[in-house]
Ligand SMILES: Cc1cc2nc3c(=O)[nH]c(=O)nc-3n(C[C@H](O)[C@H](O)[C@H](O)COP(=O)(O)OP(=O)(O)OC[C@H]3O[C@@H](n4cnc5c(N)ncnc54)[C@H](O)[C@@H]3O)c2cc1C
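Next comes just one chain, in C-alpha cells: the form predicted alone.
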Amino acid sequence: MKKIIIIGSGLAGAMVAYYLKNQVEITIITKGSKEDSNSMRAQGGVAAVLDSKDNFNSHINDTLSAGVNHNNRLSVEYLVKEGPEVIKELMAQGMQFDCDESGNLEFGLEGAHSFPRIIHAGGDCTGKKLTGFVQGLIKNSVEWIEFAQAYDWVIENNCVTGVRYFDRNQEVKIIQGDYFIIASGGIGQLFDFTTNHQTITGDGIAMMARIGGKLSDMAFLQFHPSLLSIDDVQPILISEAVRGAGAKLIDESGNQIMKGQHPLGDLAPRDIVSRLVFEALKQGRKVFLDISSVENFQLKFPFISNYLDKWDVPYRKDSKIPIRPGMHFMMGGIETDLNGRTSINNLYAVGEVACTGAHGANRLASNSLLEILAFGKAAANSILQDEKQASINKSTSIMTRTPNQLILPNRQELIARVSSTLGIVRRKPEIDVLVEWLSGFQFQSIPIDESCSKKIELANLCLVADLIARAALARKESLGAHYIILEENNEFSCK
C-alpha cells in the first residue's frame, strides 16, 4: 500500500486525504493543531456556478479579468467546471451550506464577480464549517502528527524518500513515504499586518526551493483591502461579502473611497481597492466600512459581529468598522500542473502553497476554497492512478546542500523591512536595498544538525522574502497585485 505524507492540516490537505482514504496509508503533519490553518479562518465562502441563471463562461471571464489575463486558461476552466462537482459531492455527504426558507442555496456577491455565486456556511464561518466537515470525513483514515514542524527532505539516490520534522517535544524525527503533498499554506507572517494564522511562514515554499523545485509568480501577493484596524487588537478579515451585502468604504468625513474610481465601485478587484485604501491612509485619512446599508449584519456575519463586540467596537451605534489593507493570499508558489504535480515527481502541492496558474496576477474573490476542492481531488486521483514507483524525473536533479551555519537577522526587523518594501506599492530602489541587506545573511540551506525550529522558521521567512523581492525586480511593469515604481522620484497613482 502506498504511503502518503501530507504537510498541512487545512482544507487542502484534508481534501487530498478525503479522496485517498481507505486506498493508501495517510499521515498528516501539521505545525499546530487540526484547527490551526488559514482554511479555518476563511470567511467569504466558495465561488461556484451552481445557480441555473449563472454559467461557466461568466465565472471564467471574471477570473481572467481579475487576474489581468495572466492566468493559465486551462487551469481556470478546470477550476470553474470541476469545483462545483466536488461541492455537490460534499453536499451529498452531508455538508450544509446556507439556504433560504425554501431550502435553496443562498448566493452572495463579492468583488469583481458579475453574478452572485458565492455560497456560505454559517454566514461568515464557511472555512471553519467546510474544513471541519472534511476533517470529520477522514478522522478514522488518517494518522495525525500535530504540533510538528516539517523542515527538510530526506534524499536518497536523487529521490525524496522522507521528511524531517520537529515533534512537539522539539525532537527531530523522520517519516518515510512514497508521495508527499505540500499543503502548508502561504507566507502571511512575513508581513506585520495579515489575515494569516501565526503558523503560516512559507515553510513549504522554502523546502521546495532548497532542493531546486520550480516556483512561479512569486511577485504576486494579494493584499485584502479590509482588515479590522484597531491598535493592540489582533486584526481579522472583514469579509468582502460585507461589501457584497451593501457596505461602502468611506473616510472619516463620509466621502466614498471608491466613488468614480472603478465601474464596479466597492466591488472592484482587490488589487485596485487595496491601492486606493492605501493611498487614502497615506494621505492621513481614516478609512471605515459603512455597514448602515447591510441588512441583518449580526445575523449574516456572526463571527465578525462577535469579534467586534469583544473589542467594544461601536459599530452598533455608528455603523462604521475601522479598516486598513493587509497581506492575505499568495497567487504564486510551487509550480504545479493540473494534477498538483510539481517538478519533483513524488512531490505534490495543493492550496495556497501551489501555483496552479488559476489566479493569475490577482485572485478573484472566493476562488481559493474552490481551487482547493478542484485541485485537491485531481492530486489524489493522480497519485492513485500512478502505478510506477515514485522516482525523480531523469531530467530533474535535486540540489544537495553543503554544511553551513545559519546567520539570520532579527525577525521583527525582517518583517518591518519586508512590510515597507514588498507591500501594496513597491519601489525598485527600496527592493534593491532589501536584497542587498538579505545577502548579508545565511539562510539558503539548513545544516543537517540544526536543532532550533524557530531558527529554521526564520530562515524560511528570509528565503521567501528574497524570492519575492527578486521576482518583483524581474518584473519591470506593474501587473495586477504587483504595483512597482521604477524610479525614486516617481509618484504613486491609482489610475
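A residue's number is simply how far along the shown sequence it sits, counting from 1. All of these numbers come straight from a predicted model, not from anything done at the bench.
Not pictured, yet referred to below: the form predicted in complex with this ligand.
Novice: Pick from 221, 247, 277, 150: which has a non-hydrogen atom within 4.5 Å of this ligand in the predicted complex?
Specialist: If I apply the 4.5 Å criterion carefully, the residue I get is 150.
Novice: Which one of 54, 466, 36, 62 is close to this ligand in the predicted complex, taking close to mean a heavy atom within 4.5 Å?
Specialist: In short, 36.
Novice: Closest heavy atom of residue 42 to this ligand in the predicted complex, within 4.5 Å or not?
Specialist: Flag for residue 42 set to yes.
Novice: Residue 26 versus this ligand, in the predicted complex: is there a non-hydrogen atom within 4.5 Å?
Specialist: No, residue 26 is distant from the partner.
Novice: Any of the heavy atoms of residue 31 lying within 4.5 Å of this ligand in the predicted complex?
Specialist: Yes, residue 31 lies within 4.5 Å of this ligand in the predicted complex.
Novice: Can you tell me if residue 266 lies within 4.5 angstroms of this ligand in the predicted complex, counting non-hydrogen atoms only?
Specialist: Contact check for residue 266: no, nothing within 4.5 Å of this ligand in the predicted complex.
Novice: Answer yes or no: in the predicted complex, does this ligand come within 4.5 Å of a heavy atom in every one of 262, 323 and 424?
Specialist: No, the candidate spot makes no contact with this ligand.
Novice: Name the stretch: of 168-176, 97-105, 362-370, 406-414, exactly one has residues whose heavy atoms fall within 4.5 Å of this ligand in the predicted complex.
Specialist: It is 362-370 that comes within 4.5 Å of the partner.
Novice: Within 4.5 Å of this ligand in the predicted complex, which residues of 154-187 have a heavy atom? Give them in sequence order, or say none.
Specialist: 183, 184, 185, in sequence order.
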